[in-house]
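Have a look below at one chain only, the form predicted on its own, in structure tokens format.
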């Protein structure tokens, strides 16, 4: 099943004629779904960091985990750092499994098998992507004079977020779903004496979008 969702979020600014807007799209592909949530099992959300030109931000991974845990308190979300430390070095970027079939090799390591059983990990979610700063325009001048200081001008820039979450069923060692979210926003910095940043919450919008879709898969309440 594949589904797409698009939305636009606009934030009013201090200056009535200016607003920061975020446009987001979520694509969901689910191959199978749990019937009644994940019970007393746990889920871990990890960021992919094996690419040479970017890394999935740890604060984004934490945001998605917090989003899920806050909206369904019956779901146990294992913190990324806690999980990586507990299973060091098997989930470091250079050694982490790249496909579900690699789980077999991991479970041949007795410490890994014992720790995974202890944590009751049912689903492992890998998130790959990043938020990057795009084009910027405008100018701003700041100065100090006998009567005081201030800044004058106007600046704008764009931010683009793209993330993909692959949902692995650790027990069956298969991928059971995939969610992709993208968000684009335009931020502004008008300045009349004092600069007033009007920030488009691009990364936060992407976090909410991917978190909501993961909840539909993991939670018995959705």
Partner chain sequence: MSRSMISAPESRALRLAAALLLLALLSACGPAEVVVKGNFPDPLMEPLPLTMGVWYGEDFAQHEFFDEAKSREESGWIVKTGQAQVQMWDKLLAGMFTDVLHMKGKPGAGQMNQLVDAVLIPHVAELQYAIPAHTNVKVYEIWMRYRFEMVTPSGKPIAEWTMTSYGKTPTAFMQSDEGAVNLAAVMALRDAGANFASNFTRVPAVQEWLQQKWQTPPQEVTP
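Residue numbers count along the first chain shown, from 1. Everything quoted here is computed from the prediction, not taken from an experiment.
Just so you know, the form predicted together with its partner chain exists too; it's not on screen, but the next bit is about it.
- By the criterion of a heavy atom within 4.5 Å, residue 72 is excluded from the residues contacting its partner chain in the predicted bound form.
- The shortest heavy atom separation between residue 76 and its partner chain in the predicted bound form exceeds 4.5 Å.
- Taking non-hydrogen atoms only, residue 135 never approaches its partner chain to within 4.5 angstroms in the predicted bound form.
- Residue contact check for residue 51: one or more of its heavy atoms lie within 4.5 Å of its partner chain in the predicted bound form.
- The partner is absent here, but in the predicted bound form a heavy atom of 55, alone among 160, 66, 172, 55, sits within 4.5 Å of its partner chain.
- With contact defined as any non-hydrogen atom lying within 4.5 angstroms of its partner chain in the predicted bound form, the contacting residues in 107-139 are 109, 110, 111, 112, 115, 133, given in sequence order.
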